[in-house]
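Shown next as structure tokens: one chain only, the form predicted on its own.
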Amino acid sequence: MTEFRNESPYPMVSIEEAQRCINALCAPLGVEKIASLYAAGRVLGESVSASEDVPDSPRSAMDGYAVRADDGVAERRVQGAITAGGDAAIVVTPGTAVRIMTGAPVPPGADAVIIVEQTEERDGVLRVHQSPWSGDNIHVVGQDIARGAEALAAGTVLGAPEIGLLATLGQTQARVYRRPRVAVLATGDEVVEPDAPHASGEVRDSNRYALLAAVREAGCDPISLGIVRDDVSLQRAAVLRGLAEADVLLTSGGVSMGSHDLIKPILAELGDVHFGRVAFKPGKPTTFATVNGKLVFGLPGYPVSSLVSFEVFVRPALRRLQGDTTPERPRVRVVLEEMIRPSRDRPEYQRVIVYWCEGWLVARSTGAQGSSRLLSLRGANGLLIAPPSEQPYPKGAELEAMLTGMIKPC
């Protein structure tokens, strides 16, 4: 006989309380050294300073002629040419010039470069159309990076420019925070593999697939633990296996109030449950625990609740574990394209499309907001944060939204 508990043993906490609790237990994992070529998306574990000036000698910023500015517009005799990587052995004396390419070292005696478009050369004689200023078109020593200057701070997320900067400094190895290993476990007698035959009442395991993709997108290494039936010994064994293999464990389902909801009692037995209910929608039964110092998130079984809870609570924690100093998604003020109905008793994260329109950020609902309707997340690039209210929010009202993707055009 199925039995239901009338009251949860876990007090309801606010979103802010839950986030503070998680943050207090999130510290970056250890630092490892990897090849800079493969460091895109990783978080730098230590600051990087320049061991030399860049450039290390004056260089031409343009194709043209290296000259003495004091010669003004007088004709000059061209003594030769210097290419990038060449030797600046030719000395520029009064009345002379040297043909020079972009990036080539500026020869001794020259203090300006006249761009080729402002000159005319015939029979080795250079005529200039405009008198140069000293320093024109010359990159001075240390102009890009001065010796000893910090080029990249610890906590920097490495992208293409940062990796190029490491190469500029001769850094072919980067010390970065380790990626968290994150295990994902689906629970429930009714849950089956997506490609398996299923009977009426059974559901395909979309949550594990979606969460594994979300874990990978957050920069972590995902581990699939498969599906476990509603059996205490089986689920306990799966939880322990996940904790042995990973830094973080995510479970899907089994955290509500039914007799087959076993995850919370198992986590309470193995470690500490820090909260078991959150005053937000969708995802009230979201659970957070630690077992032997490792983080465990018990996420709801409804697909939308699972992914929204991941965005609000899990993703920032995963980013913190890998050293990200700005782990939160950006938040913006948006104007409602249409009236929306909020929850009466809890803040609700509604799925929306945020786009620019005539200088305003506008939020368009993705339709019905049911917790089981994954279509409400398709194409969404934001979560509209609707405070609880007895009244609808009208078209044109301004609310806050958390951006989960790129802002779209009108």
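One rule holds for the numbers: they count along the sequence shown, beginning at 1. This structure is a prediction, so every number in the text was calculated from the model and none was measured.
As for the form predicted together with adenosine monophosphate, it is not shown, yet the points below apply to it.
Looking at R333, R147, R127, R204, which is the one with a non-hydrogen atom within 4.5 Å of adenosine monophosphate in the model of the complex? Exactly one residue meets the criterion: R204.
Check each of A238, A186, V314, L267 and return the one that places a heavy atom within 4.5 angstroms of adenosine monophosphate in the model of the complex. By the 4.5 Å criterion, the partner-contacting residue is A186.
With heavy atoms only and a cut-off of 4.5 Å, decide whether S309 touches adenosine monophosphate in the model of the complex. No.
Using heavy atoms and a 4.5 Å limit, would one call G298 a contact residue for adenosine monophosphate in the model of the complex? G298: no contact with adenosine monophosphate in the model of the complex.
Any non-hydrogen atom of A289 within 4.5 angstroms of adenosine monophosphate in the model of the complex: So A289 does not count as contacting adenosine monophosphate.
Residue contact check: P303 to adenosine monophosphate in the model of the complex, 4.5 Å heavy atom: The answer is yes: P303 has a heavy atom within 4.5 Å of adenosine monophosphate.
Choose from 167-175, 190-198, 275-283, 69-77 the stretch whose residues reach within 4.5 Å of adenosine monophosphate in the model of the complex, heavy atoms counted. Looking at the other structure, the answer is 190-198.
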